[in-house]
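Take a look at this one chain, the form predicted on its own, written out in structure tokens.
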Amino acid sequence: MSDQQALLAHYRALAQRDQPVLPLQQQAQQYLQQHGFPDKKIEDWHYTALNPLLEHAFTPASAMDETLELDRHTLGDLLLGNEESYQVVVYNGAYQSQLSKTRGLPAAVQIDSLQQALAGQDQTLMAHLGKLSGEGEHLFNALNTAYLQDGVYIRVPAGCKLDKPIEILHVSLSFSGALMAQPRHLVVLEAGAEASLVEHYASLGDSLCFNNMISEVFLAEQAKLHHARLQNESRQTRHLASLYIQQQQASQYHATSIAMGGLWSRIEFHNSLDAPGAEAWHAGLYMAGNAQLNNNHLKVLHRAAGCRSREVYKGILKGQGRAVFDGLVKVDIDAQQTHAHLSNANLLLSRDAEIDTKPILEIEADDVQCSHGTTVGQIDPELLFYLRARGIPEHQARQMICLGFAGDIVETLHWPPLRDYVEGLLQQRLQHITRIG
């Protein structure tokens, strides 16, 4: 038996440890029995190297003997909001009620453990769970679904407008080996509801972890969600996130994805604009260096007339960092009067850095305004000369140029504590930028 076959048998066995409760889990188990790992023959995975995921047999935290009990002191400054947010802590994929603070939350708003909401047969949850993701786009999605454990369930009722962001801190730590956290989130905003969701993925140590997560987001008519994600996990971490968003009439989804950490990272957005007047805005900033691989995949589907979307992603690559941007905007034949603009820009700070970028428009309608484009370049020598001529040291001038390049993405982070935190991380990561040799 080959190493990959043995690993596949390991994951299939994990998925069958418990009797499935939901039909969705049964479907995912069947998927696992019938499919192998994604490979380069699949277009969506053509540029994604899987070696970092396949060199370890990761085991779900719930099947490992991890006894560390966290307290808020241990979390330090990883929680950004203090009294400025409703705070939820997820440790190794499990909701931590004793560390979460949701005091003052409107009574009709639900922020619960997904596991508890499942046990209580919450009607809204049962009506939505798995409706967008199905058994999954690939084997790792199916593994999350078949081994469904815990995560966060959020429901904001019709007309409710939250006064503070919901801040979810994901932390991981393992003493027992290759740990797999598999959180699953379900977010439902009913008609006219408004909320901000901030997710922060971090590591408490440098242990070997694989974060394999799925999120489903449902936005009803005129609902509005600002959704920010910061992935800043340790260099031992592998991070795979699949997000599915469905939008109804005149709803708005504003997403900002910041990816800096992990040895291997892949973030997938599947955004479907299903009713007239829906709007989606995706901004992304990714960094890779020191043999990191950062994958960014975006699918925005315009399925109704009069919808708008804008997708702007930027990458900063240094050392032997490598990144992938795979962006698709598809306009169905009935989606007339669509406005969609997709762009990707990359700044290479070394000769060994590499970017594979593929922005795509697929348009079947004839009354649209759509554009796409990509750029790959190095630091502008004329701009560098301009700054140095004003007495600014070369390393500082290079840092300033990179910060300016990233600035318009960082500015889309509407919550000041997160924006300030990301700006500080960028300054740290860009302290030592040398001349391209």
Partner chain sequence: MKQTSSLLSVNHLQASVDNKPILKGLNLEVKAGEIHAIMGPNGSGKSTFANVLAGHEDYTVSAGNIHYLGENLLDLSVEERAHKGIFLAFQYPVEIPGVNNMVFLRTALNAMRTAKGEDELSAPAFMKLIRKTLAELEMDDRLLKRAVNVGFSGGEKKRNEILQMALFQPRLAILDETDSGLDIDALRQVAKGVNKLRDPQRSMILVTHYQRLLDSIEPDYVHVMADGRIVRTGDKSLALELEDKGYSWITDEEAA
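Numbering follows the first chain given and starts at 1. Bear in mind that the values here come from a model prediction, so they are computed numbers and not experimental data.
Another form, the form predicted in complex with its partner chain, is not on view; read the next lines as being about it.
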* Structure fact -> Picking from 388, 46, 56, 372, the single residue whose non-hydrogen atoms come within 4.5 angstroms of its partner chain in the model of the complex is 388
* Structure fact -> Of 22-30, 48-56, 364-372, 389-397, the segment with heavy atoms within 4.5 Å of its partner chain in the model of the complex is residues 389-397
* Wondering, does residue 405 line up within 4.5 Å of its partner chain in the model of the complex on heavy atoms? -> yes
* Counting only non-hydrogen atoms and a 4.5 angstroms cut-off, does residue 383 reach its partner chain in the model of the complex? -> yes
